[in-house]
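Subsequent text provides structure tokens for two forms of one protein chain, presented individually as structure 1 and structure 2.
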Structure 1
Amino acid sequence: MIHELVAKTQAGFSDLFGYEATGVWSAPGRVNLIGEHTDYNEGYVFPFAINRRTFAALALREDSTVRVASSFSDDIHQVDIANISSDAKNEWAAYPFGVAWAIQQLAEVSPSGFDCFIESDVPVGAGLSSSAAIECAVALGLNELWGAGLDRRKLARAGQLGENEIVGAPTGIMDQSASLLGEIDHGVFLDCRSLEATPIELGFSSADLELLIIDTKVAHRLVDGGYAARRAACETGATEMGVTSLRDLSIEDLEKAKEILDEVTFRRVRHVVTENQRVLDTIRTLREAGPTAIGQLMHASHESMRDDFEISVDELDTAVETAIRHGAIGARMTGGGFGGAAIALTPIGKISEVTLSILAEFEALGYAKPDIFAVSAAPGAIREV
């Protein structure tokens, strides 16, 4: 399948621009096993790169023009390399434009213009970081073609910087780190303060488990107000608690937090503090007892996002509850919230029952038909050809 998409990306580039691309780079989407809304609070996250990828065919130009196009849009977006800004209405093209701008901020380069064509099988709007996959594929390619010399952690920073400053989404660095640093059958345990990333073996296949993605088809948009409001509440909570970020608070601090914070801010803070602990507990449990023992931590994470952070929706709750009722070891919503996908860690022998039960429940409730598929932990961004 990947070879087919590489060929489609090359063909799309040459058909549109009239010459051959220099190369094709790819980067995976990601799923977050646990650790939601902790990244911008300098906390802990535990995502892994998935076997769904975005491909970017690139070639440098002799002028300063940047042109980007894709298989999922008829538009060709064009800008001068020196004029990339957050003011233009670039839609999805803001992601490759943003990373091109960010590399110039982080490296000594003399950037030329370039042409770029993008192909992808990462679902859009499902919380699987289709945007970071675009950023990381383009970043890896431009890093090579421009001779920027940035390592993968710096390229993750470029993706985040472009998304913050050009796209206008106040996201953390988790998605780009997972997409660039992923390994087969490993999650990426990321300390979002130090940016130290440690591969942790998942062991799903040896335990006869699969991770199911349940794409609810409820599209979420991180640039809408809900995400920003949650982030602002976290910053308020940290300020009122006298710390630089919520990372500095422990479970023991929650009693004091309840006394001095308003009720909503307290619940937002409680989610982040307990979620950080759940990430650490998940890493320890995987090492000591294996993946069959992490189900309760996943479910507790979902309950915290549903009740304290209030970012779940009925479709996500239904997917999680139905999956657990029909044999999943653990399930939770994943991603920024307000839609997107849930995940369910499921014994292989239960996949059919879980899948059919969720489909039936969604139909009975009048929800859109979800897309349900298994993913495995895959390698990070690479040059394909």
Structure 2
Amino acid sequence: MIHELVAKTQAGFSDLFGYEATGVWSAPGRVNLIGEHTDYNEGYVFPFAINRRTFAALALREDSTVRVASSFSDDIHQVDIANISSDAKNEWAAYPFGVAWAIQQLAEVSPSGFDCFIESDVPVGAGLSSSAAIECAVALGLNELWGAGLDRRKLARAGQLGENEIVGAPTGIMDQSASLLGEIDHGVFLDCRSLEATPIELGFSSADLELLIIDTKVAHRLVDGGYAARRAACETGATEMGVTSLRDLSIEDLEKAKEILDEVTFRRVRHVVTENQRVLDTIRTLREAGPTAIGQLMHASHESMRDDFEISVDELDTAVETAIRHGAIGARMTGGGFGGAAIALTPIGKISEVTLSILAEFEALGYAKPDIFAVSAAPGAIREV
């Protein structure tokens, strides 16, 4: 079934550029089911691609000009394919430009210019990685049109490289891996040390479960240095424990960690070590007992982020506890913390009760109105037409 936004993307392209696009490629946003603040400790994450997608209509040009436009904004950004750099004037176009630049670094191509028009229904800035969606849609399309021959794992790397070097965001490879390697009703188990990515069946659809996203609208306060401080504590913990990264510690090592680390660093370390174990336990539990059995692990992940890593906020705690009280199987904050979204694994029959309860609770407490919607695990990037 062709997505309704495909025709809109084609029309957007031809209205703007005056000719038909060669094709339309799409890629999904993602949500992280479990495994938070484990990526930069070379640990495990378990995201899945969601049924919200970004579409890129593309056509190669005879010359070396690149033009990109999006339904999100009125301006057309233009650059010469040989002159892509990390210029602040790129604004949002840094994402498609970055990918075009990164593919040239990773593949033997003699790239021509191209025109690109973007449509999307991935919410921006809700922690669902609208950035990876745009990168991966453009990456898959350019890979094909340029004959670059990169496989999906290399294309994920291209998305990351473009985001690091041209956008200037020091992010990992989780988002792009989920967006490119996702499958219907599967999560992508990613080992952030080996970068090995394995699709794992979730079984949500046969169990009539969906994942509610509760976007609290509380702005990420990463600027306060909370995120940097957590990364620093993890590095200190690893150094003092004599390991390259916290990935090398297991639950048994926590006893020793408690003796030699200061109290705060110990709790930061305990979050990462137990969270890695929870990702592995989630994979095993899904296989052995099915998705209704992973609720405890999700909640333990939330408590660990709230109490040990100290990155939750009242709105996230309220969303999690209210969801569970009203029938969610499990819930946790997701993403970097200090705001952003919570997720709640919820039986379809309970979705409206959970949603209405959270809305009522937030209103009673005087919090801003959250945005609440359900997602399911969808296929990764594809060529649509």
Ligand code: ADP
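Numbers given to residues start at 1 and step along the sequence of structure 1. Source: prediction; values computed, not measured. For the two forms, the rigid core is made up of the largest set of C-alpha atoms that agree within 1.5 Å on superposition.
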| property | result |
| --- | --- |
| Correct structure when looking for the form predicted together with this ligand | 2 |
| Large Cα shift (2 Å or above) at Asp262 between structure 1 and structure 2, core-fitted | yes |
| Gly340 C-alpha relocation of at least 2 Å between structure 1 and structure 2, rigid core basis | yes |
| C-alpha of Phe189 off by 2 Å or more between structure 1 and structure 2 on rigid core | no |
| Cα shift between structure 1 and structure 2 at Ala368, which is computed once both forms share a superposed rigid core (Å) | 2.9 |
